[in-house]
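A single chain comes next, written as structure tokens; it is the form predicted alone.
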């Protein structure tokens, strides 16, 4: 189990390296944001404090400047860049408030500049869209892959192969636009991108998500089924599967007891990574086309607005969840694959 311990140690190391590089490259912008935050806090404190109400303007500015200098030292903004880099990394690691430059939340805390609140508000909507689509995709793709693997070259196998080629060659954004034109305007069945969604109403969100979920599922099933089919075919060529069939075991027993059991680790990898990565990244182009209030659209908004704090928080959460998922997969492998346990 030493390798699992090594994997666990790698998580904070990778996070530190990723964040140190990002913070080092964006430290100047973060300094400007922190200085602006100090100035706003000082101005508000002086204006709201009745004991400063009758002071001359010059005296108020003098007090404000002194308070700003004290806060700059207290926050460590007078330190060298590498010390400030670790300070910003500590803020990210401990989920301290990091204030956005432009973007603000629109539902939970209207006008709040806390980048974590901005990001955390978007995650549930990305879960509704992409995690739901991933579950539907896997529910369809796994049975299709089993049918295709049982009869290579058969009708189901040809359908899966053609579907995967279609999905890979088709630009997602273009297909999404076609689906919008067809099912929102030509045949008005679903809500379009301009639909005024009540994001606090689960039924309204579900209605709004129906078409994006359908679109993502259609484009994902073929590729996922083809990948799982390839895994199953590789296992079916193994000697122990041939031996099981030679013993006269029913094909259903061979698939369930011998093939799927051995193929479980890579299939679980596909399943978990598909769901988790859909949560933390969404899809920028897909969410932009559907005007979906999720993580992918937030990435786009943050980049266009040059909102570095939001980008840093998005990167931190995405990297953290990805590394934790990989670690969970390593643990699952030890239980699913006896060879790893013996090693």
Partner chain sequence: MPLSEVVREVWRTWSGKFSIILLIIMGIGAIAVVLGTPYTKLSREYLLEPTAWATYPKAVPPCWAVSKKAQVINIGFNTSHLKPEVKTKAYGPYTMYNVTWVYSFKYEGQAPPSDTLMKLIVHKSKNLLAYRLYVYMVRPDGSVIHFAKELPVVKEETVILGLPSAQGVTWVSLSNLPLNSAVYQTLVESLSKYMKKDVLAQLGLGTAIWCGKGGRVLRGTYRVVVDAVFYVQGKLKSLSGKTSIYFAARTLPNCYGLMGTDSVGRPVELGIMLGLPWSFVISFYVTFLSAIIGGIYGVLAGYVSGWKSEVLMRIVDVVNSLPFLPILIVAIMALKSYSIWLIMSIMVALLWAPPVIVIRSMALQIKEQPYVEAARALGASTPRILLRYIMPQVFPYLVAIMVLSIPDAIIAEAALAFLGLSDPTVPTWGKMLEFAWNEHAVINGWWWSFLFPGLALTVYCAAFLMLGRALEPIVSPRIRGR
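Residue numbers count along the first chain shown, from 1. Since the structure is predicted, the reported quantities are computational estimates derived from the model, not experimental observations. Rigid core: the largest C-alpha set superposing within 1.5 Å between the two forms.
Missing here is the form predicted in complex with the partner chain; even so, the following discussion is about that form.
**Q** Name the residue from 35, 55, 304, 61 that puts a heavy atom within 4.5 Å of the partner chain in the model of the complex.
**A** If I apply the 4.5 Å criterion carefully, the residue I get is 304.
**Q** So which of 83, 273, 120, 177 gets a non-hydrogen atom within 4.5 Å of the partner chain in the model of the complex?
**A** It is 177.
**Q** Quick check on residue 319: any heavy atom within 4.5 Å of the partner chain in the model of the complex?
**A** Heavy-atom contact with the partner chain at 4.5 Å: present for residue 319.
**Q** Does residue 285 reach the partner chain in the model of the complex, with heavy atoms at most 4.5 Å apart?
**A** Judged by the heavy-atom cut-off of 4.5 Å, residue 285 is in contact with the partner chain in the model of the complex.
**Q** With the partner left out here, check for me: in the model of the complex, does some heavy atom of residue 166 sit within 4.5 Å of the partner chain?
**A** Flag for residue 166 set to yes.
**Q** Is residue 308 near the partner chain? Define near as a heavy atom within 4.5 Å, in the model of the complex.
**A** Within the cut-off, so yes.
**Q** Using a 4.5 Å cut-off on any heavy atom, which residues of 204 to 226 would contact the partner chain in the model of the complex?
**A** Counting only heavy atoms within 4.5 Å of the partner chain in the model of the complex, the single contacting residue of 204 to 226 is 226.
**Q** Fitting the rigid core first, would the Cα of residue 170 be found 2 Å or more away between the shown form and the other one?
**A** Residue 170: C-alpha displaced by 2 Å or more between the shown form and the other one.
**Q** Tell me, please, whether between the shown form and the other one the C-alpha of residue 312 is shifted by 2 Å or more, with the rigid core used for superposition.
**A** Yes: residue 312 shifts by at least 2 Å between the shown form and the other one.
**Q** Superposing on the rigid core, do we see a C-alpha displacement of 2 Å or more at residue 30 between the shown form and the other one?
**A** The answer is yes, as the C-alpha of residue 30 shifts between the shown form and the other one by 2 Å or more after core alignment.
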